[in-house]
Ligand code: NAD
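Only one chain is included here, represented as C-alpha cells and corresponding to the form predicted on its own.
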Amino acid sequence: MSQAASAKSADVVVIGAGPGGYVAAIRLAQLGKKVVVIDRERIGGVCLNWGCIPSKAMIAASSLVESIKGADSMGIKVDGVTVDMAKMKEWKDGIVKRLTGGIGELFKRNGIETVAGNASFVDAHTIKVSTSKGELLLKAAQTVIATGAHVVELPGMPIDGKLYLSAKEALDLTAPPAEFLVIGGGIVGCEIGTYMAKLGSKVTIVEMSDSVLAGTDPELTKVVQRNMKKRKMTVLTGAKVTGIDKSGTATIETAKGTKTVKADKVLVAVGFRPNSADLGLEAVGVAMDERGHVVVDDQLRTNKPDIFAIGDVIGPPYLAHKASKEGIVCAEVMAGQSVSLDVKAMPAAIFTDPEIATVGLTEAQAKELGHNVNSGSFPFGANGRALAASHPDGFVKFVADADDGTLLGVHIVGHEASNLISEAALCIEMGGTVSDLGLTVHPHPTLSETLMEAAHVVEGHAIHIYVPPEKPSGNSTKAAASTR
C-alpha cells in the first residue's frame, strides 16, 4: 500500500452498486452529474448477483422439472427425467453475467466511473476507499449511501458454505441435498425451500411465528402451505431450532414437544440487517435508528443536507424495485428538481408456488383505517387460461371502499401473480376505482381476466362464479363450472 492516498473528485459519489445505487448513478449521469460508484463486490449488488435474479432462474428451472414430471395428466409421458444441477448453475451464472455486464456497459456509455473497495466517510464531502491498490480519497459535493443489507447469522451457526448456508450459497449448490433444513419461514426460506423440494430434497421449514410468510394475508398463505404439504414439505410453525450438532442433527422445540431433524444442509433465513456499520456515519453525524437504518426524509435526504440514502439501508420493505424508485427520486432531487418520494402503491411479490403478489391495503388494514370495506375474490379455478395451463390454485382478492368504490388493495395468490399485480398497482396509484378495472376489457383467454372478474364480484354482478344475491360482495364465493 502506498504511503499517501491518491485523490480525485466527482459531483456525486454513490456507495453501493445494487438496484438502488446503479439506478441512481445512471439517472444522475443523465442529469449531467459526474458520478463515481464505489462497491466492495460486484456491480448489481445482492439482487443481480446472489438474490432476486439467480433465485428466480433456479426457481424457474425447478418448476420446469416439476411440470415435466407432471405432464402425464396432459397425455404427455416423459421417462427418465434427470437434473444436472451443476449445468443448471452454469446457466444461472450466465444470466447473471449478462445482466451485470449490461450494467457495466451502461456505466461506460454514461461516463460513470467505478471503484472497487470499502468506503468510509472522512467528512461530509470526503470518502476514503480502501482498494487492492491502496487508499483513494474521493471529494464529492454530494453522496448517496446505497449499501443495502446483509443476512443475519444465528449464534453457533456461522455461514460457512458447508453445513450452514445463506441464500447465496444455497443457489450455488451443484446437487440437491437429501435433507434440507430451513430456519426461517419468511420469503427467502419459503422460496428456496420450495425450489429444493421440487428438485427432490426432503425439506423442513422451522418458523418461530404462528405462520410462514408472516405479515402476508393468511388467506393467501394458506394456499401456499397447502401446496407445500402436497410436495411433502414439513412446515413447523411456533417452533425454534435450539441446536444443531456437527452431524447436522437439529433439535427443534415445538408446541407438541421436542423433535430432531437430520440435515445435510441448513439454510439460515431469519432476516437482514442494514449495511451501515464501518461507513463512518457516526463520526459524520448521520442519524440512524435503533436498528442501524439510515434516517431520511421524503426526498431521501439524511440530516446532513449533502448526504442521501436509499434502498435496504434505510429500512424495510427490502425490495429491489423500491430501491430503484428511490434511486431515481434521489438523483432528481440532487439535480435540483422539485420531486419527492410519493408512492401510493408499492407492490410486492413472493415467488413461492403458487406465487403471491400484493399491493395496497389488506382488508384488516383498511378497516383499521376506518374504511367501510367491500371485498370479494375470484378463483383461478374458474379461469379458462389457468385451467388450460394446469394451474387452478389460488384467487384474486379485491379490497375496496364501499362508499365510493375506490380500490384500496389487491392480493393475488396463483400462477404468474407477480406479472398480474402491476395493473392493480397502476389503478391504486391513480386513485382508481373497482369499476375502472371492471369496465376495462381484458383479452381472453388470459390470467389477467381474474382481475376484471374480481371487480365484478365486488360490484355484485359476477359472471363466471355464483355469488348468493344476499351477499353480493362476500368472500365466500363458490366457483361454477366454466368452459369460457
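Note that residue numbering begins at 1 and tracks the sequence as displayed. Here the structure is a predicted model, which is why all the values come from computation and not from measurement.
Just so it is clear, the following notes concern the form predicted together with nicotinamide-adenine-dinucleotide, a form of the same protein that is not shown.
Chemist: Residue-level contact is defined here as any heavy atom of the residue lying within 4.5 Å of nicotinamide-adenine-dinucleotide in the predicted complex; does G185 satisfy this criterion?
Modeler: Answer yes; at least one heavy atom of G185 falls within 4.5 Å of nicotinamide-adenine-dinucleotide in the predicted complex.
Chemist: Look up in the predicted complex whether E207 has a non-hydrogen atom within 4.5 angstroms of nicotinamide-adenine-dinucleotide, and give yes or no.
Modeler: Result yes; E207 sits at the interface with nicotinamide-adenine-dinucleotide in the predicted complex.
Chemist: With a 4.5 Å heavy atom cut-off, would you call F351 a contact of nicotinamide-adenine-dinucleotide in the predicted complex?
Modeler: Answer yes; at least one heavy atom of F351 falls within 4.5 Å of nicotinamide-adenine-dinucleotide in the predicted complex.
Chemist: With the partner left out here, check for me: in the predicted complex, does some heavy atom of V333 sit within 4.5 Å of nicotinamide-adenine-dinucleotide?
Modeler: No.
Chemist: Using a 4.5 Å heavy atom cut-off, which residue among Y164, F121, F107, Y318 comes into contact with nicotinamide-adenine-dinucleotide in the predicted complex?
Modeler: Contact check passes for Y318.
Chemist: Among G101, G134, G285, G271, which has any heavy atom within 4.5 Å of nicotinamide-adenine-dinucleotide in the predicted complex?
Modeler: None of the others qualify; the residue that does is G271.
Chemist: Among 77-85, 111-119, 187-195, 139-147, which stretch sits within 4.5 Å of nicotinamide-adenine-dinucleotide in the predicted complex, heavy atoms only?
Modeler: Going by heavy atoms within 4.5 Å, the stretch is 187-195.
Chemist: Relative to nicotinamide-adenine-dinucleotide in the predicted complex, which residues of 236-255 have a heavy atom no more than 4.5 Å away?
Modeler: Read in sequence order, the residues that approach nicotinamide-adenine-dinucleotide (within 4.5 Å, in the predicted complex) are A239, K240.
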